[in-house]
Structure formats: C-alpha cells, structure tokens
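Two forms of a single protein chain come next, each set out by itself as structure tokens; they are called structure 1 and structure 2.
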Structure 1
C-alpha cells in the first residue's frame, strides 16, 4: 500500500507528509468495508420531518416559529437550526432522538409540501444581506478583524453550520471563537471504523468543493499550517484529494496515516498528527489546535454559498443490510423512512438496527428517531445471543488499548458499585466510548455500556446538584429580600411615627405665650 501511494504521489507531483507520531492504544483493524461505490443515493423527501430543538451541549433551543407557520427551505427555526425543506409547522412537542436511552427532547414536526422551495435563510427582522461564497467569506474575515462579534454571529447563525463529526460541535465557534492563535488546523478525513464510508464517498464526488472549503477554513482560522489527515486504506479518495489540492493552491498539506482505530476521534488524531496529547479537561484550541471533519469543510463552502446545512451523507451498512449504500439525508428524516426508501425495509423487524459504527455505536430501540448532523452510519446486524459476562481476570488488555489512557477495569468496578466519586477520580468523563476495551476483554464484560450508564448517572447527579445549588441560592436571595423588606417596613413605620408626632405636637413658644396670657389675665383678679 505504501509503495502504491508513493508512486501515486510521484506521478502527481505531490509529496505527502508522513505522520511522525502515533497515539496510545487503539487497534489495527482491517476495515473490511463493503464496496458502496462513489455514487450517493438521493432518497425522496419524507412526508414529515422531526427537527430536535437541542444543541451540541444538550441545551434546549427556543423556536423562532410557531405551530401553523409556513416555512421555506433554509429558514431559521431556532439558533443554528434551519428548515430542511418547505412546508408547515404542525407541532412542537417532545420526541425521541438517536440516543442510547432514546432521550426525548422538544422537537418541531414539519409537514413537507413537496415543493422544496428555498427562502430567506433568516427569520430575523434585520437579516444580514448575503452575497456569493467569496463575498460572505470576505465579510466574515472583516467582521472578525474588526471585532464585530454580534454581526458575525448573526451571519453565522444563518449558515446553520454544525460539525458533522461525532459531537456536532459548532464549527463557527472553532474557527472564529477562539482567542488563542491557531497553529495547526487539522482536517479529519480519517474514517477507520468498519462499515463507515460516507466521508470517503464525499471525497470521491466533491473533492474540488472540499478543497475550497478547506481553503475557507484556513482563511477564517488564520492558522499557521493546515494538515488533511487521511488513512492509507483509501487510495481512490487520496488520489482525488491530491488532484484537487494540486489544481487549487492552498496552504493545506496531505498527511497519510495508518488505518488504526480510533484514529478518527479528535484526541487520537491530534496526537497522531502533532504529537500533542490533549487532556480531557482541556480544549484543543487552548493548545493552538483546531480539528474539523472533512464533511464539515464541504458544508462550510456550501454555507458560504448560501446553502445552509440541512442534510448530510451517511452510510447504510452492516452484515444484514441488503442494499448497503451512502445516502444523502435531510435532517429530521426518520431511520425507518431511510431504510424503506432505500429498499432495506426487510431488516426492520428481524435484525438489530444500530446508530454509529459497529464498535462505537449502539442499538436503537425506536426507528422513528430523526437523523441529525452527527449521525454518520446506520447498521443492520443479525441478532446474536448475548454472552454472559464473567469475572474480570485483571489481564490489563483494556488499559493497553484505551486511547484515552484510562484504567477501564478500575472504572468498571466503581461504576458497578454506583461509586460516582470513584468514577470521577479515575476520569470517567475522559472516556470517548470507542469500544476498544469491549473488543479485547476475554471476560465479555460490557465495559462501554457500563461507562455510558455511569456517565448518564453522573450527569443526572450533576443536574440535581446544580438544581439544589440554584434552589439554595433562590432561597437565600428570598430570605435576603424578606429581610430587606422587613427593615424597610420598620424604617417606614419609625419615620411615620416621627412625622405624626411632630405634626401633632404644638409649638412650644406658642404654648409659653398662651400660658403667659393666661397668667396675665388671672393677676388682676387675684389683686382684687
């Protein structure tokens, strides 16, 4: 493979940068991807879309539309959320989402009218005037240099640009919101988990626009260097990227990295490319590093060209998927509709349907959940008999493969004992849920599933603690207000008493004069 890539680089006159570093743990998996082809399937629009009103930080969003409103494609529905097509808002109510626990959040139910009409991407009273891609890029750069954050944020909201990686972190915040100078911008084209090939399909179909998006990201981030990291298992995609980078001069360099899971995760990729290990409680931007997905770079260029992000490409795969393919899906489309529209409806009842890759994904209990920006894969797997977990033998293999440098066996014991403080001590929140520990565990212990549960419990406890702190603060503020009101009332009563007393008391000089007149009248009578 390396000989092929070197020959390819020489023929194209493009010399690739080789990775000087690696990362701790991981697994050298053979992807074994089924050939999905370069074409991307475009299914029909569903009769309705379900758009969750929640951001990457799991915070609820306030809708800018109401039930009964008619909207057009690209119209702002909430901060950073646009209508994926035209239609009418039929409801705003809680709905299940793609989540291990089928989390329900407030969502907009949009009935599609089938016309797919585009409209003004802003629902504000003073929408930003939009130009072409180059004009919008120049405008953003000028707004950033002049420090006009509010205008810049308003323009960015119209793009609805969200990260198309696992976490869905807002791209604009990465490129425009960091105060630390960006030294290295990493474009993540790594996709080493089996069955996922959506980014590879994008590279083979839209390499030229991807490079335009990379160049725009370089200008917005003002980085010192830009590295496009791609695995050595994608020779066709590598050739496309090399050709596109050669045709459009840019500061980006192509780095071909070994196919090792989970290279596609942010922290391992940064360590592989730069040699920097970023602790879980620190942000890469604090170290001068920004990492965005290659699909996000393409979405950035389309957004700058006035096409807000309202869809994504995801892979349909798995051992039981009869028609595996890469498919472009509008946000809000349900998993059930995707399977039926691509001829994969036969797997719905008799197989396990999973979201995400075979290692880091999870089984779905409800297929009426909508696709969002960070849904990159839907798998159909045969139902298997669950192997009972055995006792941990303390072999240490889970710690050897953990890319986050954790001690999974220690975390498992604390998690099983509901010892959340112990889990925190062993840095549970640093777990990236890659599933490497599950794959090597000889005792068949469901470590990742246990860690997900412990994380949800920790978040629930933290939420309760925050609510308790907020309630205590409200109680303290209320007591202070009551105390101030009592003091004010007491002062008012005292002032009133003084006023009444002063107004009811006669003048002492007048009293003396009256007494003198009375004595003067009595004196003649006394003399007679």
Structure 2
C-alpha cells in the first residue's frame, strides 16, 4: 500500500521527504554500460603524448619547460599540468583538441622514452618531496590550519589535481579554498549518463585506495559529514565500497540513491543527498556543500602518495564498438591510439566516433586529438539521419523533466530569436545542458543545442561588453590625460611669458638707469 501511494505520489509530481530526496525532473534512462567488463584494460604507452596548454577555465597556460627539455613523469610542465611520462619535448605548437569544432590550442608534444621514469630531476634540491602519503596529508593539514596559503598552494600545484567528472574544476581548491566551513562533503559515485562506467570500474578494482582518498578528502575539507552517493544500479560497486568502508574507519557514509539521469550532475546530486535546491546564482560552497567525483578522491590519494594525476580511466562504448571496455590511459594519448590499441580500429572509418556521453558529448571530426582529464568516454555509433524538428506544442514535458526547473519551451523561443535578455529572464545560465528536455520533446526540437548556442552567445556578448567598457574607460582616461597635459603645457607657457614680462620690468629700469648713466657719462664727453 505504501509503495503504491509513493508511486502514485511521484507520478503526480510530489517529492520524497527523506533522504535520498528526489530532485525535480530527470529521466530513468537505460544505463547501457557496455564498457563494464572484468577489469580495466591497460594499453601500452603511446610513442608520443600531446598535452594541451589550457586550463579548466579555457585560459591558455604558459609552459615552464622548453622544446628539447627532457622531463620525468610527474614533472610540472605548466601550472597544474604535469608530464604523464618521461621523455623529450619535441615541440610546443597549436594542436587539434577534443572539441566540437576541433579547435587547435597550444600544446606540448612529448616524445615518450618508454622508461616512464618518475620524479623531478631536480628533486635533490627539495628533499621534502619524498614524504609518504600520510606525511604529505598531515603536512597539508598543518599548513592549512596555520594559514600558510602560499606553501600549501605550492604543494597542491604539484598534485595537478583536476576533477575527473565533467568539468575538470581544480579539486584542491574545492577542498582547501573554502571560506565558509564545509558541512557536507559529497563524493559523487553516481555515474548517470548512459554508456559511461569508468567510475564503476574503478570502484570495483580500487575500492580500498578510494576509501583512503575519501578519508583524506574528509580530513582536508574538515567537513561535518561525508556522504558517498552511489546509484542503486551498481550492486557490485556498492558491495566493494561497503566492505572497504567497513575496513577503514572514516566519517564517510554510503548513500544509495535511485538511478535517474542526471543525478551525477552537481546540483541534482546535492538536491538528492541534502534535499536542498541550490539556486544557480549561488555556489554549493555558500551552503557548506562540496562535491567531488569518486575518481578524483582516488587521484587525491595517489597524488598525496607522490603520483600526481596524469592518467584516467575512460569507457569505450557505443552501439558499434566491437570491443567495449574501460581503459586506463595517460593524458595526451590520442583517441586514434586508444582505439587501435584496444582492437577497436575497425570502427574508425564508417562510424561516428564521439567523445563524451551520448548526451554531453559530441561527434569528433578528427581522431588524432588527445584525451584530457574530463574525457570520460569514447563511443562508436552508427551514422544516422537527424529527424526534422516540428513546432513546439508547449506540452510542457521539457519543463517537467528539467532538473534546473527551467521552462525550456520558453527559453527555446527566446534563444532562437537571439533575444539574450529574454533568455536571461528565463534563467538560461541555470541550464546544466543535461539534454533531458531534448529526450522527451515530442517535436524533436534540439533544445539543448539551442541553449548551448545561446549560452555561448551570451558569454561572448558579455566579454565583448566588458571589452567595450574597458576600451571606453581607457579612452576617457587618455582624453583626460591629454587634456591635462595640454592644460599643463598652456599653463607653463603662460607662466614663462609672465615671468619674462614681470622680470623684464626691473630689467628695463636697470637698462634705463644704465643708459642714463652711460648718457650721463657720455654727455660730458660730448660736451668736452
């Protein structure tokens, strides 16, 4: 009876009142985890790696190494970027990246020497370097509590820890850089997008180290509670985590949440775990919530153990992938190499190869692009025709499934009219681009793509506006300066004139006097 009532309630749109809370919208998608196999495949090291010099905020980075340098694995190449293996830097030049338009960005081409030697060649200058994981952890905690920000930052920089979820936000900043105390630390093991199973594979193989990482994150963030959220569709992973958590006493608790796309996204997950909906213009940290990916927790542990983040597990999947599996690859390995070394090269010619999940990813046009920290899967899909969009019938299904509680039908209207102010009123920035609205739209309208378009337009317009404001300010300042200068010059000239005039008065008197004296002297002569 109870379950019946519950089902009825959820069908009618009422929400759960105790944890795990239900979040607004979302869809039950078939997880389709083809890649999940017995173990994680370890392909050989590629002959070269390509490391794009760009950070999560898409700002370009300045390399700290030069062409011709030999580097070791783990050596810093630029802020937050380390060499994934040892070798020689062959070039620093623009290279195509994983990007919808295959945009080229400045990248380091590293020829691997195959020895995979670790450590900084200049490590001897810095004997501190060689502490163990727990030493490093306690050192960090001490630095944090004594407020030695810069030293802490220095240490953290060497971890090269960027989030392994979707966005690649620097994790250390999340854990250490909070002004408000962290109440809840959420470890995100909800991998909700179909086809992606890299985290699940990692939990199945490395649960013990993961729990160590979680414990480290708990200690670093000094949180009140830590919740590891995992979806109920991953029984094996749940079991592994449970036993690992039992073995290591830590503050973390496991919360099993329903499988519903997009729980893995930050705001739905927070809503699901804490019951709090965080409005898009506020940060989770303002509410004392920090969310990190479970693979990132493992990477944190390895980084503390002097193995900075330089590789990740990614899923090879999709309908047409002949040999789906999870692989562990170094950052900078090209998609082509990964497909070849896992026996999947047959698909490269007559299929679409995608980077990222079916909903968050996109088709690749060029396969010699390097994977980065946030490439979580590569899919091979058959070529298909796109169905034409029909008119919106305002059925409202998109609004019902939107986890950001938006009205996609209204947003679409404004976005297609390029009415960015209208989009803003309907809170386009809150859209997490999850694609739920697209999936349910009976008229096959490309809602998410429209929102991505409008969002990037708005972002671009904002930068242009900022630039215009800056230009105008510089112009006014310059005008002002030139005016001041002209004024000053005028004043100086007048001043000089005045001094000449005023100072010439006494001169004249003197001259007169002198003349008079001269005449007076002369007159007697003349008279003589």
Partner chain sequence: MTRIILDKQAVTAPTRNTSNIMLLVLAALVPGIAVYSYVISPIVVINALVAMFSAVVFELLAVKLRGARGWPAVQDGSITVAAVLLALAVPPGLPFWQLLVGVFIMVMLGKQVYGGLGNNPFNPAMVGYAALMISFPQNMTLWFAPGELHSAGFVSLIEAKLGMGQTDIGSNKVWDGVTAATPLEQVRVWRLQSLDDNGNSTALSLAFSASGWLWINLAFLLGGLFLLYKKVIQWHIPVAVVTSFTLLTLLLGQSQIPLYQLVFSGALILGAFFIATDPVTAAASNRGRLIFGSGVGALTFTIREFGGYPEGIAFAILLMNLCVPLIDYLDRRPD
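Keep in mind it's a predicted model, so treat the numbers as computed, not measured. The term rigid core refers to the most C-alpha atoms you can superpose between the two forms while keeping them within 1.5 Å. Positions refer to the first chain, counted from 1.
Peer 1: Looking at both, which one would you say is the form predicted together with the partner chain?
Peer 2: The chain shown as structure 2 is the form predicted together with the partner chain.
Peer 1: Taking the rigid core as reference, does residue 343 move its C-alpha 2 Å or further between structure 1 and structure 2?
Peer 2: The answer is no, as the C-alpha of residue 343 shifts between structure 1 and structure 2 by less than 2 Å after core alignment.
Peer 1: Rigid core aligned, does the Cα position of residue 235 differ by 2 Å or more between structure 1 and structure 2?
Peer 2: Stays below the 2 Å threshold, so no.
Peer 1: Would residue 420 count as moving between structure 1 and structure 2, using a Cα shift of 2 angstroms or more after superposing the core as the test?
Peer 2: Yes, the C-alpha moves 2 Å or more.
Peer 1: Using the rigid core as the frame, report the C-alpha movement of residue 486 between structure 1 and structure 2, one decimal, in Å.
Peer 2: Value for residue 486 between structure 1 and structure 2: 4.8 Å of C-alpha shift.
Peer 1: Fit the two forms on their core, then tell me the C-alpha shift of residue 467 between structure 1 and structure 2 in angstrom.
Peer 2: For residue 467, the C-alpha ends up 2.9 Å from its position in the other form.
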